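The chain below stands alone and is given as structure tokens, in the form predicted alone.
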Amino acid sequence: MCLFCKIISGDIPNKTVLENENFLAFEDINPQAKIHVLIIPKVHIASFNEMTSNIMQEMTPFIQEVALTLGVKSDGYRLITNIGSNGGQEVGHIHFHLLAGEKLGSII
């Protein structure tokens, strides 16, 4: 069972920001911005390469609700997913990083 699946099952505690029956958003333990939240589906999907359009369609409004809950929807935020080892993915479970709460520098 992967790290995020253990969080979903409750084996590893987390600081939940928002949750529904299909998705979980929780604070990153190593934040890279004032606000750094990880957003994951509760079903195990290894990476974005395996993501289905149906799950992405359901996940999009959840991510938008997370931004609203955090109070950053109007000010702006960064949404990132890393794919594979060369893309920087460290946990083999699709996840989006939502970073906000301060002016973020350009990454490109």
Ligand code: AMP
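Numbering starts at 1 and follows the sequence shown. Being a predicted model, the structure only gives us computed values, none of them experimental.
Just so you know, the form predicted together with adenosine monophosphate (AMP) exists too; it's not on screen, but the next bit is about it.
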| field | Distance check, residue 27 to adenosine monophosphate (AMP) in the model of the complex, heavy atom within 4.5 Å | value | yes
| Does residue 17 reach adenosine monophosphate (AMP) in the model of the complex, with heavy atoms at most 4.5 Å apart? | no
| task | Examine residue 11 and determine whether its closest non-hydrogen atom to adenosine monophosphate (AMP) in the model of the complex is within 4.5 angstroms. | result | no
| field | adenosine monophosphate (AMP) contact in the model of the complex: residue 5, any heavy atom under 4.5 Å | value | no
| Option touching adenosine monophosphate (AMP), based on a heavy atom within 4.5 Å in the model of the complex, out of 44, 36, 73, 78 | 36
| Does any residue in 73 to 93 get within 4.5 Å of adenosine monophosphate (AMP) in the model of the complex, counting heavy atoms only, and if so which ones? | 82, 88, 89, 90, 91
